[in-house]
Ligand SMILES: Cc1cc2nc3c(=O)[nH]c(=O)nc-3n(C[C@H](O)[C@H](O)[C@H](O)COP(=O)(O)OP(=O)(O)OC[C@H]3O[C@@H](n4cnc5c(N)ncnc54)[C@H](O)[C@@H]3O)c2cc1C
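Taking the form predicted on its own, here's one chain by itself in structure tokens.
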Amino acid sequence: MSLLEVAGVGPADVSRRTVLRGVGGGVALLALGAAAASPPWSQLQQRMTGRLYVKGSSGYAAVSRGYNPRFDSILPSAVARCVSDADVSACVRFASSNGVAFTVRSGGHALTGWSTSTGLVIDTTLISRVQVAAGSATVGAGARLIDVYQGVSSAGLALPGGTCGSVGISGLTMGGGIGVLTRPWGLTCDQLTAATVVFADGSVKQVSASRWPGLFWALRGGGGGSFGVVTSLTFSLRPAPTFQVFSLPYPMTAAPKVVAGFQSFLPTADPRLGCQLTFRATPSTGRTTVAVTGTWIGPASALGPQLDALVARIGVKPTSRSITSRGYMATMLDEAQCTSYSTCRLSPAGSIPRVPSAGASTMVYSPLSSGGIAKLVEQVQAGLKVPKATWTGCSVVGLGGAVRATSTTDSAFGHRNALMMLHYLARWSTSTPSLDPTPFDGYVRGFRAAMAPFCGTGAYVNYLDRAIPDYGNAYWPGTYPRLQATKAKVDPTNLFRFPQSVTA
């Protein structure tokens, strides 16, 4: 991926003076004026070691698509499969000098469709080597999470990441990085110690706390697409833990008590406990479900009392209780709903399907009132009425713990004090990816709007949402002014921009 990628989510389209709106799976940016009618693509290929795929050329179809098939109708003019920093630099210089709009893509998971465009897609997928030494990992920007997990776990080490194995490491890191190890160890961005960045003039610079410290701060949670193109990242690692993975399913009739008990338990919960509520509605069956799920990395014998305390707060016994002991890699596969490493990779390397989806989020700072809980349950049930949805739902992700241990002076992630995150999702069939996405977008955005009176408008930048007008304060409360100052310093001509980029 790249600094332009939002992970989780995907990067941005680079242009100069006019924003290119609504395109595929990455982030639309600008490139000095209008795009050239017939860019001299052969010149770019001559400057690259990797291959340039022009629309209509052999192999183009396979490399032109991002993760979300709802955006497959967006056809880039060319896709540059970069294999080095020099390739990325050549692409940035070429696009700038020829007025060609471009997007940087690796994971290509942007829910807004901003990791593709009708211009040039700078694809960093092949810059994906994972090198582990002396308790740290240097990872190519194009690496997928499952490959990072495999690389670090083979050395007996671990990195806190996300939940979807096919997401790119860069986008996840730039926006924060929330997963099962977030409460015990912190965000993915908190583990970042250095990065390699291609600037707007094509220069390649090493960035760390001692070199370009302002930019390093911004890379840790400031989102992608605003400052440059990240081509590699270095992370500190820890010995891989053994997880106790648990599940406490409840009847939907108990949902209000489950939410109330869960949110009251979080502030004092042991930070070694990662937990969330998972609501899912399946229109085809007319069923909605809720369960408390999570992981524990403390002594196995100590999990029982933790769950007993949680159940006591809820005041209703679950229909069952399951606890399974797993290693780091097995847990990451389980979180990604994969049965093996090979099945957790996209075709042609693996068999993970590309799933059309819509999503949005809310960062919650205070416990929901009884009215807020009632509204959340009501909106979950409303998902049964979304036509042609495979499933809809909401994950209530517990935060706190180590997230609060890093201050906003050390990281641009602005939601350090959030209690939990609400993640709204709607998915439809892989066999009908071209369905009109309006009902699905309407559902997740309607869910977010319905919850706003009870918990505000803060949002997680890795779930980019076109419908957020004041996105700067929604994504980066308290840190946005400093991000703007960093932007002015490292990209004074505002080359890297898109509809929701940091503006100077």
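So that there is no doubt, residue numbering starts at 1 and follows the sequence shown. Here the structure is a predicted model, which means the values were calculated and not measured.
One more form of this protein, predicted together with the named molecule, exists but is not displayed; see below.
This chain lacks the partner; the member of 162, 221, 274, 76 within 4.5 angstroms of the named molecule in the predicted bound form by a non-hydrogen atom is 162.
Residue contact with the named molecule in the predicted bound form: residue 111 places a heavy atom within 4.5 Å of it. Taking non-hydrogen atoms only, residue 427 approaches the named molecule to within 4.5 angstroms in the predicted bound form. Residue contact with the named molecule in the predicted bound form: residue 67 places a heavy atom within 4.5 Å of it.
Contact annotation: residue 146 falls outside 4.5 Å of the named molecule in the predicted bound form, judged by heavy atom distances. Heavy atoms within 4.5 Å of the named molecule in the predicted bound form belong, among the stretches 435 to 443, 457 to 465, 53 to 61, 39 to 47, to residues of 457 to 465. Contacts of stretch 139 to 170 with the named molecule in the predicted bound form, defined by any heavy atom lying within 4.5 Å, are made by 141, 162, 163, 164, 167, 168, 170, listed in sequence order.
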